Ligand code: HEC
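Next comes just one chain, in C-alpha cells: the form predicted on its own.
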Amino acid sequence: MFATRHFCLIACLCANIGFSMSANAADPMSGDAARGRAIVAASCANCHGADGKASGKAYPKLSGQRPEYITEQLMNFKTRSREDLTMTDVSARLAPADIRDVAAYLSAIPAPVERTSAAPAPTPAGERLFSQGNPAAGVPACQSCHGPRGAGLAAAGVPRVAGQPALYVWSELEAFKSAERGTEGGNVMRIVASRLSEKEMQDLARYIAALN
C-alpha cells in the first residue's frame, strides 16, 4: 500500500514539474549561441564564469544545464517571481531574446565532469536520501525526478543538479523550505524541502556536490 502511494506521489510531482516548465519557459532552441556567449561574457562571467562552470562555492554551475530551465529562471528573476538582488538587476537588463541566447550558449557547453576539490565528502545518508528518499517523512527519492546521477530529466524540464556546490544546494533547499523561493516546478520543491531536516539538507547537498 505504501509503495503505491509513494509511486503516485512521485508521478504527481514529476507531472507538475513538466506542466510548469512547458507552460512558462520560452523556446530556447530559437536562441543564438554566439550572441549568448557575448552576453555571458559581459553580464554573467564574474560569478558564473565565461563558460558557465562557476568555481565559487555560492554560485551555481550553468554549463550543460537544461536550456528551458535557464530561460525559465532568468524570466523568473526578471519578473521578480524569484528574488535575488544581483540576478534581479542583471535579468532586468536582458530582453527575452537575450535570455534565449544565453540559454542556447550555456546549455551547449558540456557540463563539468570533475568533482570540485573543495567539495565536502558525501555521506551515506545523503546517498540514501537521493536514491531512496525518506518514506517515513513522505520524502520521495531525488533521483525520481533528477535522475540517478542528477543529470535532470529533459522530457519534464527537470534541471541538472549534479556537481552543484554544496553551499549553493543547501541554500536553495533552505529557500524552498522557508517559501522564500517561488513556486516554479509546480510547488514541488517547497513540498519536498518542507519535509527535510537541517541535517538531511546538508547530507543531500554534500552528495549532490560529489555527483558528476
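These numbers were taken from a predicted model, which means no experiment stands behind them. Numbers follow the displayed sequence, beginning with 1.
Beyond the structure shown, there is the form predicted together with this ligand, which is absent from this document and is the topic of what follows.
Participant: What is the one choice in T183, S55, S178, S30 with a heavy atom within 4.5 Å of this ligand in the predicted bound form?
Facilitator: Of the candidates T183, S55, S178, S30, T183 is the one lying within 4.5 Å of this ligand in the predicted bound form.
Participant: With the partner absent here, would Y59, V158 and L196 each sit within 4.5 Å of this ligand in the predicted bound form, counting heavy atoms only?
Facilitator: Checking in the predicted bound form: Y59, V158 and L196 are all within 4.5 Å of this ligand.
Participant: So in the predicted bound form, does A209 come within 4.5 Å of this ligand, heavy atom to heavy atom?
Facilitator: A209 lies outside the contact set for this ligand.
Participant: Does the 4.5 Å heavy atom contact test between Q65 and this ligand in the predicted bound form come out positive?
Facilitator: Residue-level check for Q65: yes, a contact with this ligand.
Participant: Consider T79 of the chain shown here, and say whether it contacts this ligand in the predicted bound form, taking contact as heavy atoms within 4.5 Å.
Facilitator: Result no; T79 lies far from this ligand in the predicted bound form.
Participant: Mark S107 yes when one of its heavy atoms lies within 4.5 Å of a heavy atom of this ligand in the predicted bound form, and no otherwise.
Facilitator: Answer no; every heavy atom of S107 is more than 4.5 Å from this ligand in the predicted bound form.
Participant: Go through 52-89 residue by residue and record those having a heavy atom within 4.5 Å of this ligand in the predicted bound form; state none if no residue qualifies.
Facilitator: The stretch touches the partner through A58, Y59, P60, L62, Q65, Y69, I70, E72, Q73, L74, F77, R82, E83, D84, T86, M87.
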